[in-house]
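Below you'll find only one chain, the form predicted on its own, shown as structure tokens.
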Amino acid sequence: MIDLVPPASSVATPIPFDPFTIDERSDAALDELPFGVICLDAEGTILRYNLAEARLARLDRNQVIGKNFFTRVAPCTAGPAFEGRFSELARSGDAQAVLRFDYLFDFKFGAQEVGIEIVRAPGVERFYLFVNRRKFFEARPNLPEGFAAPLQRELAPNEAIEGVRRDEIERRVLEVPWSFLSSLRATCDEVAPEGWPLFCLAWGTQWGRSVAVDLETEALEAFALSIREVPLRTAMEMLSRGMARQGWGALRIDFSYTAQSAFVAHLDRSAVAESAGRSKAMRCQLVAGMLGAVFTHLAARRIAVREIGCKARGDATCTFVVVPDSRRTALEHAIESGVSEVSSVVRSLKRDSLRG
């Protein structure tokens, strides 16, 4: 194996799997990673671009895939310190070579200190860049013309008249009335009456993984820390603000049951519950799935979330009990037995634990 690691290299990007297997992972799996992943061919053309990288570079991957990374998307890398090292790796033919170095990305909205790790996908001419953000700075002044990465509106200048809307960090957004959720629920009730809870719990879990990536990038930008490194209450405040900003309702977290290895989330004015109208069943499984995925990411272990009260059913608010996945079955048994008060559910969990 050739040694392409320059002396200034720092710790590699934290990757929770063998980086040489990255090409086997689906685009959805790449989107669950909290750091940037960019796949290039040997000439530098972008083949894949994950959610975290799009979020932090403020670029729509639909606009960057197929473009040259070094000349069109990240021109600050077009030089010996980055592109030159990449080209050396591409020419080397060493399937096990790993290239690591630190770099400063320049964007027109700011600069980002990053750690770069590049590996070759086995058996193919594809190269994966893992981009681990470390620090964020104001945009550097007096940069050469064309040096900083282009803004999204420069890559796609006609989006506004093409019916595309974006938020303050250039993510594409849709504005839909709550009747969108209502029609989805009604359709599910018509074609698969028993399918709503299972479908929405799985859908919410997928959504929650994207929310976790958003929280990671927000924590990096605000504190230069992983979301797991900020205080839990701060992380919950970030989540609550994000949900309220998007109109899902007001999320409140009750930590008074932590001695019983549980806590409770309340969602006031849930958009999902109110879109369902009056119902005999609980309707916010979508939110439960999302919260479960976010809390699983924060805890680095599987967490179960189940709704025990819902405004659609006539309850004052939508209430969710959060427990370690090892207690999920006990929680579901308590709910199935008709227990709906938080204190009663927690007592039921405690009795189950004592029996175990």
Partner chain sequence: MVELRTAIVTGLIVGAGERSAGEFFAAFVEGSIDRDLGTLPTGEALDLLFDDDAQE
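Owing to the predicted nature of the structure, the values given are computational and were not obtained by experimental measurement. Residue numbers count along the first chain shown, from 1.
One more form of this protein should be noted, the form predicted together with the partner chain, which is absent from this view; the next part is about it.
With the partner omitted from this view, the residue of D189, E113, E159, E237 that lies near the partner chain in the predicted bound form is E237 [heavy atom within 4.5 Å]. Interface residue among L331, A54, I303, C39, judged by heavy atoms within 4.5 Å of the partner chain in the predicted bound form: I303.
Stretch 292 to 300 is the contacting one of 309 to 317, 64 to 72, 292 to 300, 40 to 48, since its residues have non-hydrogen atoms within 4.5 Å of the partner chain in the predicted bound form. The candidate spot formed by R228, F255 and A259 lies fully in contact with the partner chain in the predicted bound form, as each residue has a heavy atom within 4.5 Å of it. Proximity of F263 to the partner chain in the predicted bound form falls within the 4.5 Å heavy atom cutoff. Proximity of A121 to the partner chain in the predicted bound form falls outside the 4.5 Å heavy atom cutoff. The closest non-hydrogen atom of R25 lies beyond 4.5 Å of the partner chain in the predicted bound form. Under a 4.5 angstroms non-hydrogen atom cutoff, the partner chain in the predicted bound form has V322 among its neighbouring residues.
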